[in-house]
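Below, in structure tokens: the form predicted on its own, a single chain.
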Amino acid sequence: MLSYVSKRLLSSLVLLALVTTLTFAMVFGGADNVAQNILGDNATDQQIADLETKLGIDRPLYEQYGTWVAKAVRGDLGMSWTMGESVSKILSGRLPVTLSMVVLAIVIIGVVSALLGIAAAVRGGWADRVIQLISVVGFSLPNFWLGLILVVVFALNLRWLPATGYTDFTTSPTGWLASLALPVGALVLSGIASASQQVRGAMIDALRQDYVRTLRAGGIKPSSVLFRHALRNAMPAALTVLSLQFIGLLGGAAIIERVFAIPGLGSITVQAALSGDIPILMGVVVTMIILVVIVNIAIDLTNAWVNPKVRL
């Protein structure tokens, strides 16, 4: 197992190097008039030249990348061009906000989709058709549209929850939960729709296996057959889908954070893209890649723990 993790970490480092190189080449190589955009239209040529020298963007691209890598490996992602703060400091304040929303959403997706998928696979008939209908409807609704509907119903009409904003957990746990209820609700519906179908399919395949019939013929309790045996064999497919859902939610959070005015990674990414703050964009790319690597390794290890057949 240790050898497997080492190989995955090595391949992840290669992925990180490749993606950051391509991203750096695209965003820095394609960035025109950066200093002009920062200073405004009234800036003089001398002011523009001085700022380009200060930012280091007057040097060849390979030198800029070498400098950025040398700092990044020490945890220094540079300074924001528009906010005047360290990129690492900005992202460290934004990352917990996004992760709290995404982790809460993925937990709900995992629990609800497992229950719906198991119910559809075991009961079949009308229950299966109703669950599939719910899944199709949930999959077809855009997150941002659903978010607006939730705001109108639960924030503006019923006044049960805040329409926008974010409350830190350390400040008020109940306020934190209330501030995340609507954005998480907007995120989970399509995720439940997709994951429940995968759980349903995996459970149907598992329940059709010969060992299930053997266990049933041997007098094993149906609940034990379902949860201790069939579910464990269906878990790898479900966990893989959840890992993809997690990665997708990280990307989809950008729109939801803008809708609900949540100060997370998504909102700062959009802001940086509009203002041309390339150091922040590079910092977000590195952060996202590291999160993807951690999630993928964690899912692989969890699969090996849940189902011994997939262990190396």
Partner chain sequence: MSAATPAPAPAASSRESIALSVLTNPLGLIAAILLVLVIATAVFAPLIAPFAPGDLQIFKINAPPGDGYLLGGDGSGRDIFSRLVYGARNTLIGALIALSVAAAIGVTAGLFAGYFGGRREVVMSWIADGLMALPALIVLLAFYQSLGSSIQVSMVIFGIMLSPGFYRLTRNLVNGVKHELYVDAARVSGLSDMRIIARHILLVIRAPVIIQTSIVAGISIVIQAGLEFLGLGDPSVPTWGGMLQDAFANMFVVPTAILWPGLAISITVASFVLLANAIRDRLQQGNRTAPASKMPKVVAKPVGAAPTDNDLLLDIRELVVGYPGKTGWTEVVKGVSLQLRKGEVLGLVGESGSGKTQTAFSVLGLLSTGGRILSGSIWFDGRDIANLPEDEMQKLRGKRIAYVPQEPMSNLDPAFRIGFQLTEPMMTVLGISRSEAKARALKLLAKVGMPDPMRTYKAYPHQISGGMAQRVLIARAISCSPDLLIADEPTTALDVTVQAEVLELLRDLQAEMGMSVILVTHNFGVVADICHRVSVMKDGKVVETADVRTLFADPQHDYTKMLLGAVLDDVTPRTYRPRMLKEVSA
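Every value quoted in this text rests on a predicted model; they were computed, and no experiment measured them. Residue numbers count along the first chain shown, from 1.
The same protein also has a form predicted in complex with the partner chain, omitted here; what follows describes it.
For the three residues 220, 269 and 289, a heavy atom within 4.5 Å of the partner chain turns up in the model of the complex in every case. The stretch from 100-108, 72-80, 137-145, 175-183 that comes within 4.5 Å of the partner chain in the model of the complex, counting heavy atoms only, is 137-145. Proximity of residue 279 to the partner chain in the model of the complex falls outside the 4.5 Å heavy atom cutoff. Among heavy atoms of residue 89, none comes within 4.5 Å of the partner chain in the model of the complex.
Proximity of residue 156 to the partner chain in the model of the complex: non-hydrogen atoms within 4.5 Å are present. Contact annotation for residue 251: at least one heavy atom lies within 4.5 Å of the partner chain in the model of the complex. Distance criterion of 4.5 Å from any heavy atom to the partner chain in the model of the complex singles out 151 from the list 189, 204, 239, 151. Interface residue among 301, 9, 294, 19, judged by heavy atoms within 4.5 Å of the partner chain in the model of the complex: 19. Residues of 224-258 lying near the partner chain in the model of the complex, listed in sequence order, are 224, 228, 229, 232, 233, 244, 247, 248, 250, 251, 254, 255, 258, the criterion being any heavy atom within 4.5 Å.
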